[in-house]
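Starting off, we have a lone chain in the form predicted on its own, written out as structure tokens.
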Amino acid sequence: MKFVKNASKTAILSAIATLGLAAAAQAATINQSVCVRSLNKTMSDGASVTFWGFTSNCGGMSSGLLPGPLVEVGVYPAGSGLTDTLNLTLNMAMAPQEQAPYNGHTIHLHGADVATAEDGVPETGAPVTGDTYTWTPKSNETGSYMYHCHVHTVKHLEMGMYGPMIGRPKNTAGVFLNQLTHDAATAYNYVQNYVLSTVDPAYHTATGDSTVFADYNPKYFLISGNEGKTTAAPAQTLAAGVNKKVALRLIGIHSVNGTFSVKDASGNAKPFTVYTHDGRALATPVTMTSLDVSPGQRYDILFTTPSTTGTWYPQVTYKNLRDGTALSTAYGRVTF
């Protein structure tokens, strides 16, 4: 009888170990490659601006993307012992670039907790001829991040070398959760990335150490690569349902200040709740109707659509860094 009990115990322990191995096997390694390609974008006034954008379509003469491709990495709950790993490789073949000393490109994983060797900063030894950048997010790194070039940053950011990177929660079975964090209160039905950026055309033609870079005079104001100058022609749209949770990831790559809000068709501000700031969950979520987003900052927010059909307009009012005066507003649109 004792032998049978021991055998049962051994079988149980073996089953537990097997389950543990199965769980560990769910952790993923994301091997993603991007390259740099030019693109010409016609702006609302008819002017053409040349950008350099990241793209994962590296064959032939493809165009870059503005912003670059979305990168998502799974983040597991604390104590799970599981980690996803991102290997983001920059392919420099056929990449447009400047003359020395600003030649070449890197990728900086903005906001991610990585070793110096993975940080993509040339001044600390990062190569500018192509490399692989690795990030293994910790359990508290759920939220929005970005990746961008860190060579002659003042110009290369302006040229469009940036993209969204998300630390997205997973459960222990390796399944992505439709939540902002591991807290079930952050669950959403719909999600969009709002990549905020601005464009000073003079930066796109200036080279080297031009005095142009000593001042910044943006002419175009974008959400996810589009101007969205009016509610009738928004930068991006979302078809949601009534009484649903909508998550927006605000990723600030703009070079001025910005104020985010959500308004109805009559211009009334609607409440939303901020759950994360710069890729970390807030200890206490904050509900508000207006949120200032500075360059480099990221916020993840949620709002609930009403029980009757209608349209709301998430929007960003871009503001002068010197005196806070409004420069322009870019609109999104959510219908329900």
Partner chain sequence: MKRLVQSTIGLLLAGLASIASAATVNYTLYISAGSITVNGTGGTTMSAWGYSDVAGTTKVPGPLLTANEGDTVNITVVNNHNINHNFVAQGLTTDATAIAPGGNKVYTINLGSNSAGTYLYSDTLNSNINREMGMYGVLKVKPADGGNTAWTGGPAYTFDRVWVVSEMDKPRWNDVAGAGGTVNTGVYKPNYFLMNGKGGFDAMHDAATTVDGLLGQTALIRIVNAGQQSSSLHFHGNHFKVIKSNGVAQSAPYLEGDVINLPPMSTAEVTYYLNQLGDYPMHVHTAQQETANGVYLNGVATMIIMK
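On a predicted model such as this, the values are computed, not experimentally measured, just so you know. Positions refer to the first chain, counted from 1.
Below: the form predicted in complex with the partner chain, not depicted.
Within 4.5 Å of the partner chain in the predicted bound form: all of 83, 183 and 265, by heavy atom?
-> No, because 83, 183 and 265 lack any heavy atom that approaches the partner chain to within 4.5 Å in the predicted bound form.
Just one of 99, 211, 205, 129 has a heavy atom within 4.5 Å of the partner chain in the predicted bound form. Which one?
-> Spelling it out, the residue with a heavy atom inside the cut-off is 211.
Name the residue from 310, 285, 295, 69 that puts a heavy atom within 4.5 Å of the partner chain in the predicted bound form.
-> In short, 295.
The partner chain isn't shown here, but in the predicted bound form, which of 71-79, 173-181, 254-262, 231-239 has heavy atoms within 4.5 Å of it?
-> In short, 254-262.
Is residue 157 close to the partner chain in the predicted bound form, meaning a heavy atom pair under 4.5 Å apart or at it?
-> Yes - in the predicted bound form, heavy atoms of residue 157 and the partner chain come within 4.5 Å of each other.
Applying a 4.5 Å heavy atom distance criterion, does residue 94 contact the partner chain in the predicted bound form?
-> Taking the distances in the predicted bound form, the answer for residue 94 is no, it never comes within 4.5 Å of the partner chain.
4.5 Å heavy atom contact, residue 270 and the partner chain in the predicted bound form = Contact check for residue 270: no, nothing within 4.5 Å of the partner chain in the predicted bound form.
is_contact(residue 216, the partner chain) in the predicted bound form, heavy atom dist at most 4.5 Å = Judged by the heavy-atom cut-off of 4.5 Å, residue 216 is in contact with the partner chain in the predicted bound form.
Using the arrangement in the predicted bound form, list in sequence order the residues of 269-285 with any heavy atom within 4.5 angstroms of the partner chain.
-> 277, 278, 280, 282, 283, in sequence order.
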